[in-house]
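Only one chain is given next, in structure tokens, and it is the form predicted on its own.
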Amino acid sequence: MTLRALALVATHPDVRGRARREMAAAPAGGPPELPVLRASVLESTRLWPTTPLLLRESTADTSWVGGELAAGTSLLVPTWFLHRDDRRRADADRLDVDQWLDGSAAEDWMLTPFSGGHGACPGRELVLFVASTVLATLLEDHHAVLLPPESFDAEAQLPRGLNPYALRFGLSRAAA
């Protein structure tokens, strides 16, 4: 998850700049609030879900055009489709950290980066804290680039699939 978010931050200078300004403004002495980096982590899970399928159980009999679905039926919910449905989402293939910052993502039932309801991930806040802190530590003194540089373009459609094990980064010291 952290590598995927780093790939987004490394290829989107506007988000990287916002994150750096946020880090610079953080008060000393205690863990900083890092909303832009947290939003980048959440957005990386929307674009490339770590849990591509959620298992759910229907709670009531449901009538569909093709037949009936009995209560108690197990269902697989494809998060990768809901998060990237270009018929319903203008941001299907592009980075949009602002939806996590303004709260609109929280209101969208289709976005389930850490699942939801009684099946929600109990480690959500810890994961977001650790991932955003690791990103902040990397970005504090370094400039990260994705290698090869053309692997994704900030202005183009982001890839539908991403192998985090194939990501390669270059790091250089950031200018003081």
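From 1 onward, residues are counted along the sequence shown. On a predicted model such as this, the values are computed, not experimentally measured, just so you know.
The same protein also has a form predicted in complex with protoporphyrin IX containing FE (HEM), omitted here; what follows describes it.
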Name the stretch: of 32 to 40, 58 to 66, 107 to 115, 136 to 144, exactly one has residues whose heavy atoms fall within 4.5 Å of protoporphyrin IX containing FE (HEM) in the model of the complex. 107 to 115
Quick check on Ala26: any heavy atom within 4.5 Å of protoporphyrin IX containing FE (HEM) in the model of the complex? no
Ala70 within 4.5 Å of protoporphyrin IX containing FE (HEM) in the model of the complex, heavy atoms: no
With heavy atoms only and a cut-off of 4.5 Å, decide whether Pro122 touches protoporphyrin IX containing FE (HEM) in the model of the complex. yes
Whether Leu47, Asn163 and Ala166 jointly form a contact site for protoporphyrin IX containing FE (HEM) in the model of the complex is the question; each needs a heavy atom within 4.5 Å. no
Partner contacts for 67 to 83, taking protoporphyrin IX containing FE (HEM) in the model of the complex and a 4.5 Å heavy atom cut-off: none
